[in-house]
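Here's a solo chain for you in structure tokens, the form predicted on its own.
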Amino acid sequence: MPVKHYDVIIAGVGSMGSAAAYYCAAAGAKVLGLEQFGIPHDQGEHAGQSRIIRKAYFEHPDYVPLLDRAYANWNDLEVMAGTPIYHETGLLYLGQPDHPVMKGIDTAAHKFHIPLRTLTNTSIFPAFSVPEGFEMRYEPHAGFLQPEKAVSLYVSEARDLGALIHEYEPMISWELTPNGVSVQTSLATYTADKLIISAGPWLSKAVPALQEQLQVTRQIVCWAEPDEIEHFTPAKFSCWLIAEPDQPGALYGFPALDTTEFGPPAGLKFAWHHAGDPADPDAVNRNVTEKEIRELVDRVAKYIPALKNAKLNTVKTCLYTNTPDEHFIIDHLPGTKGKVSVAGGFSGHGFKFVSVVGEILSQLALKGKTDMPAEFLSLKRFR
């Protein structure tokens, strides 16, 4: 059988890969996407019904220009698909004013003129118990995205433009050739001018040279149903993020969503954004202990008392891929002469950027460079 040749092969058609497939196909490229699971799936980083999107970015203000583009691109996808993906609920931040998270929120909001209100009481959000010394910020134009829906839509749009997306066909290996790259999968060998590797937690296995820059960790996410759940719908309850003193990362969560519209699970979703226990993505412990659940519920219930005795509906595990500085990696892979691009290290805060990262990856592959302000995410910072 002759080897099939493409302009671009995308290894990993999850969050970033699905958007990259669309943008490459929209640019007229002949695209092959390879995904080891079905589309969408819940084995990696992007599943879970909802993902927060916000602009007052405490991680680093350099992300804000990319977020401006991401918001615009999400709107483009909604218009193109004729269905909502972004839901504006607002976002409540709680924390001591000198906490790095709160200081970062204020810095980004000031630098980029992002609407951010300081609240002096909980009358708007009576479900929250705010400790002495905490301050409240409210970002009205934040909310959540639907990750599974977004991935599915990007894949559907890419296919409509002629992209071939192969599910249940993992990339086994790849190598450079004089004219591009050769990719071996579980079923066949393909060649392409360019290769994009967006393999999520499997990125360091696909690119061993990145093993020192990437660590995969196991995270848990809970859905619980308090009494009077009607008080926790998006019309009355926002997304939220809480910076606790003497704790890394932040607690975060969402309103209770209508499962008819958004799918299961039911209840308030909440989790702890931090680096969990190291994990092998091919051998993740998906069993969650009662101790893990109780510790998370008790911590969140300090701020949302209704969760203390709430009915626990669902507990899931997901994976983070962390870089040493917790910033993304989006770049050409050194030593490949621009033939291979990589995207990874999205470490629990990357999904909101899917719509712009896909565009960046398509530009790196097809043009050799991007016009987006993403230089701060290159691999040069690790050399």
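One-based numbering along the sequence shown. Nothing here was measured: the structure is a model prediction, and the numbers come from that model.
Omitted from view is the form predicted in complex with a small molecule, to which the following refers.
Exercise for the section: Tell me, please, which stretch of 88-96, 229-237, 167-175, 113-121 lies within 4.5 angstroms of the small molecule in the predicted bound form when heavy atoms are compared? Expected result: Going by heavy atoms within 4.5 Å, the stretch is 167-175.
Handout entry: Option touching the small molecule, based on a heavy atom within 4.5 Å in the predicted bound form, out of 32, 318, 356, 29
Key = Checking each option against the small molecule in the predicted bound form, the one that comes within 4.5 Å is 318.
Problem - Exercise: residue 202 in contact with the small molecule in the predicted bound form, heavy atom 4.5 Å - result: Taking the distances in the predicted bound form, the answer for residue 202 is yes, it comes within 4.5 Å of the small molecule.
Handout entry: is_contact(residue 154, the small molecule) in the predicted bound form, heavy atom dist at most 4.5 Å
Key = No - in the predicted bound form, heavy atoms of residue 154 and the small molecule never come within 4.5 Å of each other.
Practice task
May I ask you to check whether residue 15 falls inside a 4.5 Å heavy atom distance of the small molecule in the predicted bound form?
Solution key: The answer is yes: residue 15 has a heavy atom within 4.5 Å of the small molecule.
Problem - residue 45 within 4.5 Å of the small molecule in the predicted bound form, heavy atoms - result: Judged by the heavy-atom cut-off of 4.5 Å, residue 45 is in contact with the small molecule in the predicted bound form.
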